[in-house]
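Below, in structure tokens: the form predicted on its own, a single chain.
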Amino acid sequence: MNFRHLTYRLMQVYVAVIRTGSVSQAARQLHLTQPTVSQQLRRLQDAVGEPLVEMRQGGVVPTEAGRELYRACQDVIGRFDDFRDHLSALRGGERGRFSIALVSTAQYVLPRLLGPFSQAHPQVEVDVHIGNRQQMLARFERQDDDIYVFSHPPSLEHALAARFMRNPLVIVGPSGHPAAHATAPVSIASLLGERFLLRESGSATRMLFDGWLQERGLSLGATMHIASNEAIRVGVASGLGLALLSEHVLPKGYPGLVKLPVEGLPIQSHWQFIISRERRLPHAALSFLRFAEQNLEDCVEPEWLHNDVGGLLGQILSDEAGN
């Protein structure tokens, strides 16, 4: 490999191509022409001496050598970005940028922290990405972001996690559902004859519900898959079926909905910050985690609070000291 030909610009181009999965999208993002990006890719491949990408129907994907180069390029670019941010801080202001990715249900809770943080650190730019669990796991695997928010973290050795907020899951039905007026909690078995409105397979709520039912030797009957929590809420209120939802998804007063008193519920889960041990966090991301650790009590109601962020920060600092 001829390192003299491996320039910073080539690394930027390569990271953009792998992240977008498209030469044309990378060209638009970098304000270059498509032929220029293709030429840069060829120059990089010649410098490395190994095939770096493959063209598939879904777009551009890295080879095994390409994946390792992508990680190395991310690290180099991240370190230069961190150095730039450090220089900005030395010149008299809190500046920087970080990226946070969250599963869609977390969009109901994270603004409680991001809003106050942004007010306290107006020069810090935050890129927020929202999607379903599978999309966020793919972003985590590619290390596209600095911080991730899951209610059920990826079971990977290189992931660090910290709980910061309770996320109880309850069953809701339409207003006037007979079970709402029961004098004692009802059994889940008595409700399984009704249709359940569910998120896609692989969502954390769905996995926790399936596991909870299996522990009781039960399974769902009629189901309907719906892509968003908002649509599920509307469907339940319209009498389309029942649903298991995070309490954070429910609007105040539950208009059109009622929380059903079911034995064994709520299912207890937690919102968690996740980071990869293989990615060095920029100062801005560390600043956000410190802010969360110090200000959760002011941003979150006491019944939801579960602050383990200090332990995560300790692990991050320990890892950095060992490298």
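Start at 1 and count along the sequence shown; that's the residue number. It should be emphasised that the depicted structure is a prediction, and the values quoted were computed from it without experimental measurement. Just so we're on the same page, rigid core means the largest C-alpha set that superposes within 1.5 Å between forms.
From this point on, the text means the form predicted together with another copy of the chain, which you will not see here.
Asks: Each of Leu6, Arg56 and Arg71 within 4.5 Å of another copy of the chain in the model of the complex, by any heavy atom, yes or no?
Replies: Each of the three qualifies.
Asks: Please name which of the stretches 209-217, 128-136, 95-103, 235-243 has residues with heavy atoms lying within 4.5 Å of another copy of the chain in the model of the complex.
Replies: Selected stretch: 95-103.
Asks: Met224 near another copy of the chain in the model of the complex, any heavy atom under 4.5 Å?
Replies: So Met224 does not count as contacting another copy of the chain.
Asks: Wondering, does Met11 line up within 4.5 Å of another copy of the chain in the model of the complex on heavy atoms?
Replies: Flag for Met11 set to yes.
Asks: Give a yes/no on whether Val48 approaches another copy of the chain to within 4.5 Å in the model of the complex, heavy atoms considered.
Replies: Yes.
Asks: If you check in the model of the complex, is Lys259 within 4.5 Å of another copy of the chain, heavy atoms only?
Replies: Looking in the model of the complex, residue contacts with another copy of the chain do not include Lys259, since no heavy atom lies within 4.5 Å.
Asks: Give, in sequence order, every residue of 55-80 that has a heavy atom within 4.5 Å of another copy of the chain in the model of the complex, or say none if there are no such residues.
Replies: If the 4.5 Å heavy-atom criterion is applied to another copy of the chain in the model of the complex, 55-80 yields Arg56, Glu64, Ala65, Arg67, Glu68, Leu69, Arg71, Ala72, Asp75, Val76, Arg79, Phe80.
Asks: Using a superposition on the rigid core, decide whether the Cα position of Gln294 changes by 2 angstroms or more between the shown form and the other one.
Replies: It does not reach a 2 Å shift.
Asks: Kindly check if the Cα atom of Met224 is displaced 2 angstroms or more between the shown form and the other one relative to the superposed rigid core.
Replies: Where the cores coincide, Met224 shows only a C-alpha shift between the shown form and the other one that is less than 2 Å.
Asks: Core aligned, does the CA of Gly78 move at least 2 Å between the shown form and the other one?
Replies: Yes, because once the rigid core is superposed, the C-alpha of Gly78 moves 2 Å or more between the shown form and the other one.
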